[in-house]
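Shown next as structure tokens: one chain only, the form predicted on its own.
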């Protein structure tokens, strides 16, 4: 082994940060909630992004397969075998984009292969020399990578510190042709929310654009599940709204809602779109099927909010430092090795909650990220706070 890599791997192992690929299997037990099988045991999966439970809805999947005409390759084909700019495009891709644009009341929409592809493709394509990108410090890694690929000047403001953002805009706005503010709506590791009203105030005050990543809000918030911008009635105020099929919509792929002019520009300049094999027809068909179904899942959205709120309350009563206001409930542990050890002990109690450690989160803030899904019942998760308390006392004699 190369001594350089061996040394770095050993250092990760010593710190409790060595990551490994673990092949979990879906439990497939009716009524078991979102469970997986691991080492012969069924564990409640609290580390998934399957927020609406569609990924484990066997009846829903079977209905899709029943309706699928396997003789029609325009809907059931398993390969695109080319980028969209060569021969990988299809009428179904345009149908999906038109449906997304219609539902969002947007002028246009464009599909990407994943949320990562979207964020590393859109930002560098649209913003370059002479432009400024202002990004929340806790935005997703894909956004940070998009900033690095861009030739624009990039500055990060403290998480949710809109006074600092105001100061940056006041200081720098006149120096740049374009300024864009970039934020998630629901932050994936802290489970808290951006103040969209304040972001839009700043956008209009300083003639900036707003780029909003709704990855963890899509499906969960709003009358049709379109996210936080829909819930607040602000869809038309967001210049670039990014959503993903890879979380609540139980698939793969992403999209951006934007103007027709921006869509055309991205088709010609976004490298992650231009040089990537297109999504296959069967995935596009599934995405359309799931997207349309998601629009009506208000009962599931209400249930998810109810059990998430109750769980946050129970954690607070046990005096755990938990963050956020959403269906993502982080509980801080702090030490990397400690959270790794406690993760194993949680599995002994039937809960799969994987540790989140730096560099995914800041130093000293290793945590559990409890990801609550609509196909869970309160009975499935009500013992979590007591279980966490018992493990913490057993490890240290105190919480």
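Note that the coordinates shown come from a computational prediction; the quantities given were computed from them, not determined experimentally. Residue numbers count along the first chain shown, from 1.
Another form exists, predicted in complex with a small molecule; not displayed. Remarks below refer to it.
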| query | finding |
| --- | --- |
| 4.5 Å heavy atom contact, residue 215 and the small molecule in the model of the complex | yes |
| Residue 90, heavy atom within 4.5 angstroms of the small molecule in the model of the complex | no |
| Contact label in the model of the complex: residue 228 to the small molecule, heavy atom within 4.5 Å | no |
| Residue 326: touches the small molecule in the model of the complex, heavy atom cutoff 4.5 angstroms | no |
| In the model of the complex, the residue from 272, 209, 150, 142 that sits within 4.5 Å of the small molecule by heavy atoms | 142 |
| Listed residue (253, 191, 160, 280) with a non-hydrogen atom within 4.5 angstroms of the small molecule in the model of the complex | 253 |
| Listed range touching the small molecule, judged in the model of the complex by heavy atoms within 4.5 Å, from 198-206, 298-306, 170-178, 245-253 | 245-253 |
